[in-house]
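Take a look at this one chain, the form predicted alone, written out in structure tokens.
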Amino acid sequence: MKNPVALNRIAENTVFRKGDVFVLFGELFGRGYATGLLDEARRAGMEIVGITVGRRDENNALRPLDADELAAAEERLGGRIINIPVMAGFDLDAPAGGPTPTDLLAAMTLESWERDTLDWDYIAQCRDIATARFTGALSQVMAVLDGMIADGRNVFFAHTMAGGIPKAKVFLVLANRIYKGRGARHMSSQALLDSDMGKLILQNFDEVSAITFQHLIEASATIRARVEAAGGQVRYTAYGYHGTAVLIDGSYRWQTYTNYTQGYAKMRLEGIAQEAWASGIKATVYNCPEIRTNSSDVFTGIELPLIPLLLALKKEDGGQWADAQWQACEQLLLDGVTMNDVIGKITDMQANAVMRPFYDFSAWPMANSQAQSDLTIGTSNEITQMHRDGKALVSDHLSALVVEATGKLIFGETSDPAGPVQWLNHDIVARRLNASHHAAEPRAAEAVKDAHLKVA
């Protein structure tokens, strides 16, 4: 993409109804964008179907969920899970008796990793084995799913697979320095990407975050053909991240978290959606604003662009409801600290000359720098210290609002999507939230007035 394509309308669902099928292609874990989309599917009365990535046993063999795990997962999802493991990525796959890619990384040390090399022919074997495993399992899943979709039903496939970080101790130490380190603990993200370790990790990110979307579209071709032949509709969505526009100096401006190593995989995800769209398949990647999730918490500072959402709520005429969100956030701060103090720190960071090179959309994803890391991580740490409780942050409250808004926006837009890649910037997120909450204020006031009249 040469320029971000912003979603600029609030659309309503006109396709999906009671009895249609919503397929969550990725297991539901804790916090995340998918919960907002699931809420909308449930509200529409859709049947919810999920999958599982399975679990690894003590011998590294992939297995289905056991009875307790399955019951817990289905309760969390609010639907039925097809219990066939579709674990993505090749970091734990290998020829029989051979080391996995994670084993190979585990042999590297903090002193040697930049010089250590990998046998790429062997890595390709591991990758091929993983692809065959994944696509074989996916074929079984689709056969089961086909039998769950009655004629005349519409289908919504929501891809949520992301990640792919190998559980190798040496990488986890390096990641801590790249994403959390400043001063003497800072490490260049480019140094990682230039190493064989980094190249392997980028390949695994591709497999998990992007290529699984392509596998999903291809594996569901039979279902898609049957549904469409009967006059039904099939849609595909995926979650991207490619920066987002937030209020900076009073206007919406694209910015990003640096360094977002998975950005290369997210761009490949966009490309897969574009190819599908060109073939007449309604597949859309929605690039969502930054939120705090179980996985994003590794990136210290990724939460900072969330806070200007409070300004956007006011700018987009949120009225009393926007004021209430401001107050709710302020109550999470220490006595004597205001939201103006917090926003002032973010404004200073945004205006700092160190950040200017990182506002170049065409250069994304850029490597980090010492000065940028020190500023971003330092600002994040300072703002965390301004809270009463380090486990109850303004960014948590605002993350929940973004999840709600993106769920509504994606579900509504996907009835008639405008294109294969869309950015959900803070303006449309604020407008969606205000439309849901601020618009209810007059109705609530009228209800109170009517109640008083009836009593009188």
Ligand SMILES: NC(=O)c1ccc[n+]([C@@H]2O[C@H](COP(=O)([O-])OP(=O)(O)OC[C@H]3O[C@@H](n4cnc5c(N)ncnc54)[C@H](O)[C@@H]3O)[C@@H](O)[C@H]2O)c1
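Numbers follow the displayed sequence, beginning with 1. The model shown is predicted, which means the values in this text are computed figures rather than measured ones.
Below, we turn to the form predicted together with the named molecule, even though it does not appear here.
Residue among 310, 200, 174, 161 with a heavy atom within 4.5 Å of the named molecule in the predicted complex:
If I apply the 4.5 Å criterion carefully, the residue I get is 161.
Exactly one residue in 81, 141, 87, 346 has a non-hydrogen atom within 4.5 Å of the named molecule in the predicted complex; which is it?
By the 4.5 Å criterion, the partner-contacting residue is 87.
If contact means any heavy atom within 4.5 Å, which of 98-106, 148-156, 233-241, 310-318 contacts the named molecule in the predicted complex?
Contact criterion met by 233-241 only.
Candidate spot 282, 409 and 423, all three in 4.5 Å heavy atom range of the named molecule in the predicted complex?
No.
At 4.5 Å between heavy atoms, is residue 342 in contact with the named molecule in the predicted complex?
Output for residue 342 is no: heavy atoms all beyond 4.5 Å of the named molecule.
Distance check, residue 208 to the named molecule in the predicted complex, heavy atom within 4.5 Å:
Yes, residue 208 lies within 4.5 Å of the named molecule in the predicted complex.
Report yes if any heavy atom of residue 305 sits within 4.5 Å of a heavy atom of the named molecule in the predicted complex; otherwise report no.
Judged by the heavy-atom cut-off of 4.5 Å, residue 305 is well away from the named molecule in the predicted complex.
May I ask you to state whether residue 260 is within 4.5 Å of the named molecule in the predicted complex, using heavy atom distances?
Yes.
Residues within stretch 22-41 having a non-hydrogen atom within 4.5 Å of the named molecule in the predicted complex
Contacting residues: 26, 27, 29, 32, 33.
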